[in-house]
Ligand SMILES: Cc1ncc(COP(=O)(O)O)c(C=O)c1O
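The chain below stands alone and is given as structure tokens, in the form predicted alone.
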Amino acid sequence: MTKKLNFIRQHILDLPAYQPIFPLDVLAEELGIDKNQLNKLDANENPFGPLPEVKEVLSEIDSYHIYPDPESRQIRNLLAEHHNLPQECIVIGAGADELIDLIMRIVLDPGDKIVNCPPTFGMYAFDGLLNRAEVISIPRNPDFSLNLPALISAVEIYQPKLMFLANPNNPDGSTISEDDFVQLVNLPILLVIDEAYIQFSDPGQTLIPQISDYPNLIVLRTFSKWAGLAGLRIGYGVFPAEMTPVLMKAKQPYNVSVAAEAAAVITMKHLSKAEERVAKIIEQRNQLLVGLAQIPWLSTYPSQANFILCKVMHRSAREVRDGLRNQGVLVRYFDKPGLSDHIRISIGTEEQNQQLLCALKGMSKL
């Protein structure tokens, strides 16, 4: 009998799988509902989709058989102009997710430590474990603010290399205070600020202008949320200039597709139109907060993002999630430390939000 050989690294076999959101056609088949009838409010996507100009430019591309520019020069030039930064500070990735992993691959040796602040975006801890780092988790306060004394103490005790912070934070939508940022960026650590939802926050929240002041600061952005390009996977990072050549060397040479770059370029060229859609989402978020306040068994958190986190009281959040699913309304359910009995609702169109509220009010009668 041939001996079974195991070629897979043990730490990857031991790694818990990340739980992504299932695609619409899979969920439609599972629920027995036409996918066009599903109200998808579970993944913080842009309900308006990409600009019409994006669809037009994608239909006109005749070079899909040619490899893309490995340096993504067109979009880097536009972003450099937009942020008033040298192009050399910007690296483009297949979503910000790729850049999170890439940062870890160039910085971490096995056994190095990173700081994570749960509840937050799950990919920080996942990629840390994937890259054989030790993840030091410093839980947030009950209101999701940072436990700053514990973070400072953790840096002193464990001497980690990296700290990841989402700003606004996912899943609650809170932002980092200026005082907290200043104290953290002055620690001996590489601080990565993930601004995936920053376009939905109050003006002046972005930390990109601080890059030139701090050689240990990285800021990540994505086109997935505000620009409606989640399916094309394109994001970028603003880095200290000396890091960029290393990142460019370490990344896959053709990591961003022709279609993704073209979509991002045309979006930046019609930025005001995209920003009008962002304004609509913010308006709908504010209206939805008012509507959710009328559901007596939901408690909402203030949000600077395109979603609202709700604590479910006096009933099971899982049952609420399932009850909504059965009506074709999809929301994200959480039941883990710091997020027991919570649901997160992505902001939809006015019609989608009204369908959600009607379904929730119907549950109030049960």
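What you see is a predicted model; the values in this text were computed from it and never measured. Residue numbers run from 1 along the displayed sequence.
In what follows, reference is made to the form predicted in complex with this ligand, a form of this protein that is not presented.
The candidate spot formed by F200, E283 and I347 is out of contact with this ligand in the predicted bound form: none of the three has a heavy atom within 4.5 Å.
Picking from 250 to 258, 93 to 101, 208 to 216, 174 to 182 the stretch near this ligand in the predicted bound form, with a 4.5 Å limit on heavy atoms, gives 93 to 101. The closest heavy atom approach of T267 to this ligand in the predicted bound form falls outside 4.5 Å. In the predicted bound form, at least one heavy atom of R233 sits within 4.5 Å of a heavy atom of this ligand. Using a 4.5 angstroms threshold between heavy atoms, F121 counts as touching this ligand in the predicted bound form.
Put simply, S72 is far from this ligand in the predicted bound form: not one heavy atom of it is within 4.5 Å. Listed residues A274, V238, A166, L162 were compared with this ligand in the predicted bound form; A166 is the one with a heavy atom within 4.5 Å. Only one of the listed residues (I114, A263, A196, V192) places a non-hydrogen atom within 4.5 angstroms of this ligand in the predicted bound form, and that residue is A196.
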